[in-house]
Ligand SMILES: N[C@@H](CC=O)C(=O)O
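What follows is a single chain, given as structure tokens, in the form predicted on its own.
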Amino acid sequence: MSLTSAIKGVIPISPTPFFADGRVDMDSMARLTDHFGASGVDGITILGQLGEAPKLEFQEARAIVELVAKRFTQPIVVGVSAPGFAAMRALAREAMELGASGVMIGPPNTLRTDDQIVGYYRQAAEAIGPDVPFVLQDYPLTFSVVMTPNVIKRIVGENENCVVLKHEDWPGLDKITALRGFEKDGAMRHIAILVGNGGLFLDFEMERGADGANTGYAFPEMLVDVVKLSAAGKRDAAHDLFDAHLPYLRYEQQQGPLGLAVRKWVYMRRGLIACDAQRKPGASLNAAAKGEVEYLLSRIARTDSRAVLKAA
């Protein structure tokens, strides 16, 4: 099932579960994959930045792709960002052979000019091959690379296998409007726009023309519901559900390892992974943070029963 620009809905970013000693927990990975499948998502992304992909060996990454491909029937996107094109190509080709639908490529933080950014993606597209669809990851908060709407238009125009924009600019609502304006004017072909940042601005991003979410969140079911309600024109219902989750979502969206620690803690509390450990270097929650998370979950549970968890 090849990834195309027609994709819509929610494609969550999966974390990578580890045991406390740093080994990959494949049983938890299987359980988490099955949960995503049962949550009504429209695809899955593995080995992303918050999937701790840079901490994995090639064979570990390969084993995760193989496991997910055997259990998940919707499109699978594999993060293949790497310092060099040889490693990127090797993982991309292996992932596609194992059953992936496409790959995701983020820019190295050394890129500064528009021409450098466009040139990098031209070379990356050549490296993975024209038959491998890719997601363009626009995440300046992490990568320190700023892509203007015109730069994105140039990348899309030069690379037919660029089919999705993972939009994580912040602020970025006007960027979505600008890109959809290019499409309307015939200046850029259509690509799917799926948003990140934990879904922090999903409510209004959908109204600006996004096709869905491509992000991590401990309750992907909420993202699914908000996207469906927005697409159905049920604006107040979408905002009401989103607003119920927003205080916790904001807490989970803290940058770097701490935000991932929050997400993994809740996935563990939900019984989806056995351990909330990150592979070193990483972070973990102290008692105060755990108490704050539990309080925030209790507030969500007043309106969304999916946040009702067993006592810790």
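The first residue of the sequence shown is number 1, and the count goes up from there. In this text the structure is predicted, and so the values were computed from the model without any measurement.
Not on display, but discussed next: the form predicted in complex with this ligand.
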Can you tell me which of 277 to 285, 45 to 53, 60 to 68, 23 to 31 lies within 4.5 Å of this ligand in the model of the complex, counting heavy atoms only?
45 to 53
4.5 Å heavy atom contact, residue 168 to this ligand in the model of the complex:
yes
Heavy atom of residue 139 within 4.5 Å of this ligand in the model of the complex:
yes
Is residue 269 part of the interface with this ligand in the model of the complex - any heavy atom within 4.5 Å?
no
So, residue 13 and this ligand: in the model of the complex, are they within 4.5 Å at any heavy atom pair?
yes
Sort through 133, 79, 198, 107 and report the residue having a heavy atom within 4.5 Å of this ligand in the model of the complex.
198
Select from 243 to 267 the residues with a non-hydrogen atom within 4.5 Å of this ligand in the model of the complex and write them out in sequence order.
263
